[in-house]
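The data below hold one chain only, encoded as structure tokens and taken in the form predicted alone.
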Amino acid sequence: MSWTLAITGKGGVGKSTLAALAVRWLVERQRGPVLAVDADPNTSLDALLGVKAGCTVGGVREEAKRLAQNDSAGGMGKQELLDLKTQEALIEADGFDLIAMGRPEGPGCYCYANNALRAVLGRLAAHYASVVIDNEAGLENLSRRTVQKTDWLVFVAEPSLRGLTTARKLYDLALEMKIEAAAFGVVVNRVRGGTGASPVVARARELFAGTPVQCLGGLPEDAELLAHSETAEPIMSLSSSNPVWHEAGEMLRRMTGKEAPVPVFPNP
């Protein structure tokens, strides 16, 4: 059975960065193969992982629709054709595969794309030891039940009272929507001055006191990671001594509940 991590939060808080860090950690710690799911229409996880999502679920939805309308589907039904095209959108990489939601190329809702992604995830997950889902901002993707159930649902927050309050509101919304997760966590991103005794991390613990949400800690503000973002270098090339990489690894070690074996290959 797959171990599943779903990451959410408002836009720009660093969801995709944490998702990419998680994919790298799981691959290097021999917890693969890993399925990376970019469920945000503003696709960005592919670049962080050093691959290119040229084909997305939103795009193939339009192609499947066009083929069905032109009677070019070779006798296949619309849903069967859509499922086939969606599977073709799977990008294979070293130690992980990626599938991206993307945007529909034409007008209309995400109904077909959502149904296809849900169906494909249901079939694909059984073939992966770990699944990491980078959700769109808010809880839209989870509310549409694209993701049925996760081992961990992690809220990423900005290092401010407003950012932490937003994360708490998302948790309350998750309860209202009856979203299923075996465990909930919150991560404070871009923490200044170290994360060990950070006041903002302590504030996060206070804000989520009395809930099952575990404060997993903070990821420090980091010049190397910022430089990577500016030059579009993938997370895979982040140095093994990087403090963000170290803190993320400690969080993931606690979330998976196991000591990590020696990596298959050394970090750069």
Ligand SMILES: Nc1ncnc2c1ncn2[C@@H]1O[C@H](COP(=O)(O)OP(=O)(O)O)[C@@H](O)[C@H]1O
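So that there is no doubt, residue numbering starts at 1 and follows the sequence shown. As the structure is a prediction and not an experimental result, all values here were calculated from the model.
Below, we turn to the form predicted in complex with the ligand, even though it does not appear here.
Mapping the unseen interface onto this chain, Gly257 falls outside it, with no heavy atom inside 4.5 Å of the ligand in the predicted complex. In the predicted complex, at least one heavy atom of Ser229 sits within 4.5 Å of the ligand.
Shown alone here, Val23 lies farther than 4.5 Å from the ligand in the predicted complex, counting heavy atoms only. Residue contact with the ligand in the predicted complex: Arg253 places no heavy atom within 4.5 Å of it. Exactly one listed residue, out of Val200, Leu225, Val27, Leu216, brings a non-hydrogen atom to within 4.5 Å of the ligand in the predicted complex: Leu225. Shown alone, this chain has one stretch from 182 to 190, 123 to 131, 165 to 173, 88 to 96 that lies within 4.5 Å of the ligand in the predicted complex by heavy atoms: 182 to 190. For the partner-free chain shown, Lys10, Gly11, Gly12, Val13, Gly14, Lys15 of 1 to 15 come within 4.5 angstroms of the ligand in the predicted complex, judged by any non-hydrogen atom.
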